[in-house]
Each structure stands twice: as structure tokens, then as C-alpha cells.
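A single chain comes next, written as C-alpha cells; it is the form predicted on its own.
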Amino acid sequence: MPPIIQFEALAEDALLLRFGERIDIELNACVQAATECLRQHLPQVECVPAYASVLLRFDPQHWPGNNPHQQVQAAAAAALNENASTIAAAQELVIPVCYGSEYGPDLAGVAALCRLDTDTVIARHTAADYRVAMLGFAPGFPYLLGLDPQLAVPRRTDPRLRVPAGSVAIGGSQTGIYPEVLPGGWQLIGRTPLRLFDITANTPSLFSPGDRVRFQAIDEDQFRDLAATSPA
């Protein structure tokens, strides 16, 4: 049964479409499908998907009448009623990760919390299929759904002031990758040499919401080789 969508006015030029309140991969799939549908039918409206909602940004002056909120809502509802069942072809990305040691200083702690050995944590982390639920926190930071439930661990009680760029981390039931040097409290289990965000590129972010992601374990020599050939 499709979720009931609620519209909430956030500003004179913004509406929020709420699909639910939980972090759920099936609910997020509905969000991604709706976002694609809205982009096709309302190209003049900016759509920003999150876990269970879509932010609509628009220019009120381009909507004739006295109630642009109501008109955008009606247009969005009509588009979704017509077709909200398809998702645009997503990228499938394989992200190389060097796990443990200096690249993943919290790996042993995560293994202890999960009552597993580090090799099993790595095996479970690389075995999963992930979906980019949304980008947030910092430009290019992907929130990934699909983590093995046995690997879910709480965030650190002492967040770091500087997390290295490319750090792969677990926070609760999610995995994410820090695109730049940032503060953060997630558990760091590895690092990728890939650059996730380049503001000078035509497409600045490596990831887009809805993309499929898998992790591939590499060793330190492979990490250094890939880092040497990746764009600075």
C-alpha cells in the first residue's frame, strides 16, 4: 500500500512532502520514485529527496494566483497520481575501501561491540547492497541504507574534530562516507581513496540519491596506488 503523502509549507517558496517518519529502505524507494516523477512533470520545481520526504523549492512569482503553495501542491499531487512507480536508472558504484589500521581506527571497537572478529565485520560490510538514501550533513556525504543489522553500532561518545576525507563509517543502522575533512562521531572502519566531491566538476558529487553502492576491500598498497591516480 503506497504511503499517504502530507504537504507542509516551510516558506513562501518551499513545500515539504512527507511520506512517513521512519528510516526504511522501501519507504525511501517511494521517495526516490516520487522525486523522479516530480522532476519529469514539474521541471521548474527543485526537488531535494531525504529519507522519508521531498523538499520542493519554487519561485512563487512563476505561479499565477494568490496561493502558490496550493497550486504547487495540486500540481505535485496530480503528477504523483499519474505515475510515481518508476525510478530513473541509477548508477551502480563499487567503492574500494582499505579497512582497519590507520584507515579504520574504530574497526576493532566495532567488532567488539558486534561480538565478531574484524574479518567478519569486513566480510559483512562488503557483502551488502546499499542504496544512497540521500545526500546531507556536508556536500557529497551519502547516507547509505542496507547495512547488515548485526553491524549496527552506536555513534562514538567522543566525536572527532577531524575525520579524514574518504572515511567509511557506521552510525547506528547506516553507513556513510565523509567526502572531506570534517568533524564527526561515526565509527570509522575504513577509507576510500576516491574523491567524493569536486565543486569544480560538472557533476560535483560522485553519488546521487537512488544510486546503488557496493564496497570492495583493498589493501594498503592498492589504496596508495589508487590515491596516486585519483584526481587531487
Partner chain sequence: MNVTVIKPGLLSSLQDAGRPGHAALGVGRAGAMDPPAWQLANALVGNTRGEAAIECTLVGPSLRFEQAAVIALTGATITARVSEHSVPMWTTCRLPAGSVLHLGGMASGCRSYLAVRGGFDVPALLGSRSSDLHARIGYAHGRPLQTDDVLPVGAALALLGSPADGEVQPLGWSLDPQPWFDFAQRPLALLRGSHWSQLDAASQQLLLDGKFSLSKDSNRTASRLDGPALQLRAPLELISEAALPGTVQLPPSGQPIALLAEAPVTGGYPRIGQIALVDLPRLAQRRPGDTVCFHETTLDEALTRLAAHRQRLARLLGTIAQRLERT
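It should be emphasised that the depicted structure is a prediction, and the values quoted were computed from it without experimental measurement. Positions refer to the first chain, counted from 1.
This next part talks about the form predicted together with the partner chain, which is not shown.
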| property | result |
| --- | --- |
| Heavy atom contact within 4.5 Å of the partner chain in the predicted bound form, the stretch among 97-105, 129-137, 72-80, 146-154 | 129-137 |
| Three-residue site E21, C47 and A50 fully in contact with the partner chain in the predicted bound form at 4.5 Å by heavy atom | yes |
| Partner proximity in the predicted bound form: G184 to the partner chain, non-hydrogen atom cutoff 4.5 Å | no |
| Distance check, D221 to the partner chain in the predicted bound form, heavy atom within 4.5 Å | no |
| Interface membership of L10, the partner chain in the predicted bound form, 4.5 Å heavy atom rule | yes |
| Heavy atom of P164 within 4.5 Å of the partner chain in the predicted bound form | no |
| Neighbours of the partner chain in the predicted bound form among 178-203 [non-hydrogen atom within 4.5 angstroms] | V181, L182, F197, I199, T200 |
